[in-house]
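Consider the single chain below, provided in structure tokens and representing the form predicted alone.
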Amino acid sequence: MESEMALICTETSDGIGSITLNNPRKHNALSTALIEEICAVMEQMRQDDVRVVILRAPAGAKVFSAGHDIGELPTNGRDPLTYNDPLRLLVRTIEHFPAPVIAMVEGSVWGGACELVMSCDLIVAAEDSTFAITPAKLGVPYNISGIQRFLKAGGMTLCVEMLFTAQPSSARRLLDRGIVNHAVPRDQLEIVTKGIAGQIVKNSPLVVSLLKEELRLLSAAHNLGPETFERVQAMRREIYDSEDYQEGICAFHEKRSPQFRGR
């Protein structure tokens, strides 16, 4: 099923949803309008039980996204990047989406778009793509949550260099630092990305959703509080009591592929 909105195109097939940034006139800048479209589509995909989402630019794109729409940043002294900033909303939407989100990166990634890509669960990039964290170049006072994400993803040494110089780093370099999962030739990008998505779709969506939440919590905290631990345990219990759990066990014993239904 395909659909087209003003600034993005979407497609859903066999449990895999695809969201294509489609505003080349503004280099897919992360405007409020574009972000609202992505969030609306992801909510619909959530309701439709989509099991993997691929976030991408059009095939052959020279720019994946130019980051924040600079024209929307305030000039009156107001903090431009607060908790309610549209990019913050999009990042939280991706983090809390119950299925994995894969960034399929082709072309250059600038500024806030680096944070968007790094908020995804997996990153598959064309080997000639580049990433530049540019707030210092633009004079934008990036917020602490965004800096924390860069730091967590790339480590102090790489983070300092990318932030201070605002110069591009190659996908190959980010692969070596464990930020990018795969850096592949452009003609292999879609094949590799969809191959990973296809492998995820074969697995239990309930377990994958639990794993995503556990990874999010563990990466964001040093110690889990008792309430958080109990909530995770309750999620695990729901899986144990599910039809999918029984299906997975039966399929294993019957030496066949499981047919998970997310229930």
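Start at 1 and count along the sequence shown; that's the residue number. By rigid core we mean the largest C-alpha set that fits within 1.5 Å across both forms. On a predicted model such as this, the values are computed, not experimentally measured, just so you know.
The protein also exists as the form predicted together with a small molecule; that form is not presented, and the subsequent description refers to it.
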| query | finding |
| --- | --- |
| The small molecule in the predicted complex reached by all of G67, L73 and P135, non-hydrogen atom within 4.5 Å | yes |
| Position in contact with the small molecule when the complex is considered in the predicted complex, options I35, V208, V63, I54, heavy atoms within 4.5 Å | V63 |
| One stretch from 136-144, 120-128, 96-104, 168-176 that, in the predicted complex, holds residues within 4.5 Å of the small molecule by heavy atom | 136-144 |
| Residue contact check: Y240 to the small molecule in the predicted complex, 4.5 Å heavy atom | no |
| Interface membership of V41, the small molecule in the predicted complex, 4.5 Å heavy atom rule | no |
| 4.5 Å heavy atom contact, K194 and the small molecule in the predicted complex | no |
| Contact of V50 with the small molecule in the predicted complex (heavy atom, 4.5 Å) | no |
| Did D14 shift 2 Å or more between the shown form and the other one, C-alpha, core superposed | no |
| Residue shift check between the shown form and the other one, rigid core fit, R25 Cα at least 2 Å | no |
| Rigid core superposition, R46 Cα moves 2 angstroms or more between the shown form and the other one | no |
| Sense of the change in Cα distance from R236 to V91 in the predicted complex - at least 3 Å versus the shown form | closer |
